[in-house]
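The chain that follows stands alone, in the form predicted on its own, written as structure tokens.
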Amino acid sequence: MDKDRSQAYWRANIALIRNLLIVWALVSLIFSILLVEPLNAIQLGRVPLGFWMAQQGSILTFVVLIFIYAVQMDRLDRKYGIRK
């Protein structure tokens, strides 16, 4: 792979990581900590949504983001010819 193509690949990789970390930070910090009071006004079953987000939502989001990362990296690898 030439240098320009390699740089484009890593730029795309870093952009993907950055975007996924932003989503995780928003869910973990904003929804689970800063907005917990307003979210507690909403019930998820018999549990306040703010509590659920702090206990389960951020972890579940992280697991989903791992799968999204794997799928997107597979696409990037194919696009840039990295896949063996």
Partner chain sequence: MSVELWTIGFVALTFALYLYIGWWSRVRDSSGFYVAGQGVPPIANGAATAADWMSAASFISMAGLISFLGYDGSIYLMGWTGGYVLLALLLAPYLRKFGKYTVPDFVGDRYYSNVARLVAVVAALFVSLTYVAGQMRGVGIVFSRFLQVDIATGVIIGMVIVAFFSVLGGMKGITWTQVAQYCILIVAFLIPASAIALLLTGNPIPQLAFTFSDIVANLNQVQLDLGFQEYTQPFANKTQLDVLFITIALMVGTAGLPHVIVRFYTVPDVRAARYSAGWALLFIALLYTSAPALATFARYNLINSLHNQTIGEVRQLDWANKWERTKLLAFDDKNNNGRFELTPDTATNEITIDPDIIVLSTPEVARLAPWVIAIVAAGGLAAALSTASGLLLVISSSVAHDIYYRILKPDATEKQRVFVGRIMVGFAVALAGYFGINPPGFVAQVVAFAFGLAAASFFPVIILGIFDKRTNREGAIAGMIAGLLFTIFYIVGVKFSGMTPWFFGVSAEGIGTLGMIINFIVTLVVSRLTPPPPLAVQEMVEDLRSPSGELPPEAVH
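Residue numbers count along the first chain shown, from 1. Treat the numbers as computed from the prediction; the structure is a model and nothing was measured.
Heads up, the form predicted together with its partner chain isn't pictured, but that's what we're talking about next.
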*Looking at the partner-bound form in the predicted complex, is Ala41 within 4.5 Å of its partner chain by any heavy atom?*
no
*Applying a 4.5 Å heavy atom distance criterion, does Met73 contact its partner chain in the predicted complex?*
yes
*Flag Leu20 as yes or no: does it have a non-hydrogen atom within 4.5 angstroms of any non-hydrogen atom of its partner chain in the predicted complex?*
yes
_Residues in 25 to 41 close to its partner chain in the predicted complex, defined by a heavy atom within 4.5 Å, in order_ = Ser28, Leu29, Ser32, Ile33, Leu34, Val36, Glu37, Asn40
